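Only one chain is given next, in structure tokens, and it is the form predicted on its own.
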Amino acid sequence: MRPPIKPIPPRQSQYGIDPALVKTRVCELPGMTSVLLKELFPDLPEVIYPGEGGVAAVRKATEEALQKIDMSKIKPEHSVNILASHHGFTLLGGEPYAEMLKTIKDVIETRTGCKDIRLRAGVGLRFRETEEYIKRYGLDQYFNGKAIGVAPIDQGIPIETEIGTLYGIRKIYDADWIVHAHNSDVREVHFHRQVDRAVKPFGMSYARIETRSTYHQNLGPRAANFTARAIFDSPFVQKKFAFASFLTVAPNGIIGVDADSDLYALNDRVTQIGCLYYGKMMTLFGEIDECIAALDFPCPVVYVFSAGVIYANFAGANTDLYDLDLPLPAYTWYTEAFYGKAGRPLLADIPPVNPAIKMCVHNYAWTGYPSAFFSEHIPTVVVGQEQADLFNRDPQNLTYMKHAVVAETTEAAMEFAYKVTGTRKVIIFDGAMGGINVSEPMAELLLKKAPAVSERVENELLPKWLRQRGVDR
């Protein structure tokens, strides 16, 4: 068995506890090991990050991808907004995404002579989150004081679309040109179902809260990105859109950078990556019969990572999140709305939360996202009274601790979980790069199941997933 992979370190943030309070990482406990993702799926692509080249490899890949982009319409006297989204900074420590943003700025300036290049970084429900990232990665200085975080409650701008008036954030669109700088990581596949994934930020990170609410509450997850597509296709946005540049990501790391002036062509490529590589990982997670899920990553509860898969996706891994014939995942806000006061779904076709998760050990995860659904439906142990107090003070999580218990230490929490669940299979959501930190029995299970999963995805599931989305393999 391999030693565990070093997890992503705790971060100083108003949304999490002081990193000094994180005394022990779950992967440091006895019986923990790691599995390289290429051991599970040898056909995973080679990555440029993590690797010997560091972020310089990301800069080189960005420069090469941008060579094919015609930037002649950007004039020296024009202004350009490079549009970013918060979750790019949670991928592999955040440095690759920050480097791509810096490189886009440099290339535009060099090739066009344009000096008025700004960074506009959108967020979700943590309205100050990208401000923290801008400072952490020195983007405020790199963009000469023109890097700001924007939130969905900021001043809006009406955008006339084919379905009526929708609302963007004014500061997103206050330049002559916009550059859509994003990534192919699937992240919230339970929400977007890998439908128009590349277009999603136009209805989310770049949109006012009224339009975001339409995405989350008024349309089911198979249709939600229709609003984002309507905004992007609007004449107002089209006349400003210069090009898109995406970090291309697989579960094992950054595989390159893809840039295109045709966002829908890029979207097809993003769909293929998401279905093939992440589809295998999520299908494998669906083979887990029982486990303890340990959260140990600097993100809100739902967004902690393991092998490129977030906890919210694992909570629905008992169903095929990519199969569009299945209307509702086990978790989305849309699904959650169909639960009654007794905590049970009111519709028979709502699948249960993944029954393989026997207990959750919340060693380290942030507030800033409504997560009580998870502690209500999955027995949860939170490590440290300070972390419990933080959740009790968070307006979005006032009932999270009503369904959870507190352990003084990581060791005590895990021992409690072992005794109560009777399983020694542990999966750790700690962002380990290139692999996955697990307990030894879990490693054995994943290695045993992976070959059959790979064959099933390649020959049965992937053709169906791509056909459902109108994408050629």
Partner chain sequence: MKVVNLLAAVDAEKCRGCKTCEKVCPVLAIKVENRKAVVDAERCRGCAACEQRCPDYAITMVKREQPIVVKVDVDAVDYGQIEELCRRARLNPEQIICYCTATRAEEVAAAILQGARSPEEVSFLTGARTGCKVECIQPILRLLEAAGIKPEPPKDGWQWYGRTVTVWEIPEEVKRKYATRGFYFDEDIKLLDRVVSAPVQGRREPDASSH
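Model, not experiment: these values are computed from the prediction. Residue numbers count along the first chain shown, from 1.
The discussion below concerns the form predicted in complex with its partner chain, not included here.
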Per contact check vs its partner chain in the predicted complex (non-hydrogen atom within 4.5 angstroms), the hit among 139-147, 111-119, 164-172, 287-295 is 164-172
Though its partner chain is not shown, can you say which of 216, 78, 240, 358 has a heavy atom within 4.5 Å of it in the predicted complex?
216
Among 95, 320, 106, 268, which has at least one heavy atom within 4.5 Å of its partner chain in the predicted complex?
268
Does every residue of 324, 341 and 346 put a non-hydrogen atom within 4.5 angstroms of its partner chain in the predicted complex?
yes
Flag residue 156 as yes or no: does it have a non-hydrogen atom within 4.5 angstroms of any non-hydrogen atom of its partner chain in the predicted complex?
yes
Residue 233: touches its partner chain in the predicted complex, heavy atom cutoff 4.5 angstroms
yes
Spell out, yes or no, whether the shortest heavy atom distance between residue 14 and its partner chain in the predicted complex is within 4.5 Å.
yes
Contact label in the predicted complex: residue 176 to its partner chain, heavy atom within 4.5 Å
no
Check each residue of 115-130 against its partner chain in the predicted complex and list those with a heavy atom within 4.5 Å, in sequence order.
125, 126, 127, 128
